[in-house]
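Okay, here we've got a single chain as C-alpha cells, the form predicted alone, with questions on binding and movement later.
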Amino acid sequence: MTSTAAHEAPVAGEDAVAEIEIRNLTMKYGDTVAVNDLDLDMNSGEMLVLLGPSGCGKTSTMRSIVGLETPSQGVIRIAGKTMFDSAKGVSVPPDKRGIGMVFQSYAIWPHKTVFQNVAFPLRMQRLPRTEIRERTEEMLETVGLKDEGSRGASLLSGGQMQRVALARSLVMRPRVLLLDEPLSNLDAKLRDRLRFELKDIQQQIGVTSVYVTHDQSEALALADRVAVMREGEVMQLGEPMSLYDRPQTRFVADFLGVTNLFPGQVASSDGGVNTVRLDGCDTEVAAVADRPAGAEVSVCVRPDAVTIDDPAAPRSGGNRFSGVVHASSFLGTHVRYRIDVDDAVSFDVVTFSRRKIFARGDTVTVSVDPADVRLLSE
C-alpha cells in the first residue's frame, strides 16, 4: 500500500512520551463498577489494545477517553492537557479533544461518494477547498482507495467501507485514534488481511491508537502493547510476545488462547525445579520455578511448546508422557492435536512439521521442556 504521509511513527519504548494519561479512573453504572480505579499510560505513536471479555470495562475506558461517557472520578490527559478531572470539574467536549473514532459500524453515508465521505469533517471545519482536496486525496491514497474517490459509497465492499471510515477519522489529523472492534463485521479472511493493513497505516501516520477487542488473535497481531482487562481492572500489561510467553495468571493465559491449563499442587522443590502433581490423577509435571511445596498452582503449557513423536523416538530429559491421539486437524500451516495422557489430562499440541501426521487412535509420546512450563496463580 502506498502512502504520501509525511509523518514517521515514533517508536514506543523506554523513552516514549505518554500521549494519554489515565489516573484513578472509575466508571459506575448504578451499583455496577465498570472501570475500577484504573491507572494507564499510552505512549506516543503506539497501538495499545484493550483486550477482554464483554463487561470487562474496555469499551467504557475508551468512551471515557473520547468524552462519550462521564466517569465517576479520575483524571484523563491527552498530550499533557487535562480533558477530564472530576475533582476540578473539568470535562472537555468530545469534539475539542483532538480524537478520531472508528466504530464497529462503518457509519458511511451511502448517498455520498467516497471522496465526500472522507472530506466531510474537513468541510465541517470550513477549511479552504484546495486544502480539503489535497488532504482527502492524500488520505485516500494512504488507505488504498486512491482511484475510488468518485465511486458511490453504497457500491463498496465491507472492507472498503471500513477503510473509508478509517480515512475519515485520520483526515482530521487527530492526536489520538480510537478503534472500537472495527473489523468484527468482516469475514475471517478479509479481517486477517485488514489487520496488517491497519497496523501498516497506523505506523505510517504515527498516530497514537487505542484499539478495543475481545479477539486475542487480533490483539496479538495489532498491538505494540496489550492491556488484558477483567472486571474493570488491567490484569496484565505488556508486549504481545511477553504476555503470550509469560502470562501471570490463569485468566490471562486462558484469554490469550493458552489451552493447556491444569490445576495442581507443588509436590516438591529442588534446585529451582518444581514438581507439580496434577489434580485428579497421578501425572506429575516438572517446571523451572520456585514455589513452596504444597502451593496450589495452575500448570500452563503453550500448545506450540509441546513436541509430539513416535513412542520409540529417542528423547532425553524434560517431561515425557505417553498418550493417545484423540483428534487431529490439518490446518494448512500447522497441525493441531488433542492428546489424551490419562483420564484427567489432555494436551493440545500445535506442530508445524509435516514429517509425519498422526491419526486418531495413534499412540504417541508428548514432551515438554520444564523451562516452557509456567506455574500461575489463579
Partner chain sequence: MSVLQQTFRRSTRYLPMSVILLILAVLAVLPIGMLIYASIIDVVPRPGSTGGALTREWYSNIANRAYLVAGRNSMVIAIGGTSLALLFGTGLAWIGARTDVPGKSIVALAGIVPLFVSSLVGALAWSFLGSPNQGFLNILLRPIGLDVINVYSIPGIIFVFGLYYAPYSFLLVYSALSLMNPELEESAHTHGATNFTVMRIVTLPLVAPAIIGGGLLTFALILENFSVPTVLGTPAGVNTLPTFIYRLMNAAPPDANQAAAVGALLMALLVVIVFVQRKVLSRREYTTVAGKGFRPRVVTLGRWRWAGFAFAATYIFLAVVLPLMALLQMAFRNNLYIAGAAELFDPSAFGLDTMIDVLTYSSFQTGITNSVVVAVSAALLGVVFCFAMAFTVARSKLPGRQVIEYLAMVPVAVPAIVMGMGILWAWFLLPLPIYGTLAILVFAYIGRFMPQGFTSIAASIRQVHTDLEESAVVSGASKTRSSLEVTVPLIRSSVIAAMLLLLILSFRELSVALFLFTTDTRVLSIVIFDFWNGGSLGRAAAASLLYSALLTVIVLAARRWMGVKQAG
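Just so we're on the same page, rigid core means the largest C-alpha set that superposes within 1.5 Å between forms. Positions refer to the first chain, counted from 1. Here the structure is a predicted model, which is why all the values come from computation and not from measurement.
A second form of this protein, the form predicted together with its partner chain, is not displayed here; the remarks below concern that form.
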Please name which of the stretches 117-125, 139-147, 263-271, 230-238 has residues with heavy atoms lying within 4.5 Å of its partner chain in the predicted complex. 117-125
Single option in 105, 242, 157, 248 placed near its partner chain in the predicted complex, where near means a heavy atom within 4.5 Å: 105
Would you kindly say which of 175, 112, 195, 135 lies with a heavy atom within 4.5 Å of its partner chain in the predicted complex? 112
According to a 4.5 angstroms non-hydrogen atom cut-off, is residue 89 in contact with its partner chain in the predicted complex? yes
According to a 4.5 angstroms non-hydrogen atom cut-off, is residue 350 in contact with its partner chain in the predicted complex? no
Under a 4.5 Å heavy atom criterion, is residue 95 part of the interface with its partner chain in the predicted complex? yes
Would residue 167 count as a contact of its partner chain in the predicted complex, using a 4.5 angstroms cut-off between non-hydrogen atoms? no
Could you pull out the residues of 47-76 that have any heavy atom within 4.5 Å of its partner chain in the predicted complex? 63, 66, 68, 69
With a threshold of 2 Å on the C-alpha, tell me if residue 111 counts as moved between the shown form and the other one once the core is superposed. yes
Did residue 154 shift 2 Å or more between the shown form and the other one, C-alpha, core superposed: yes
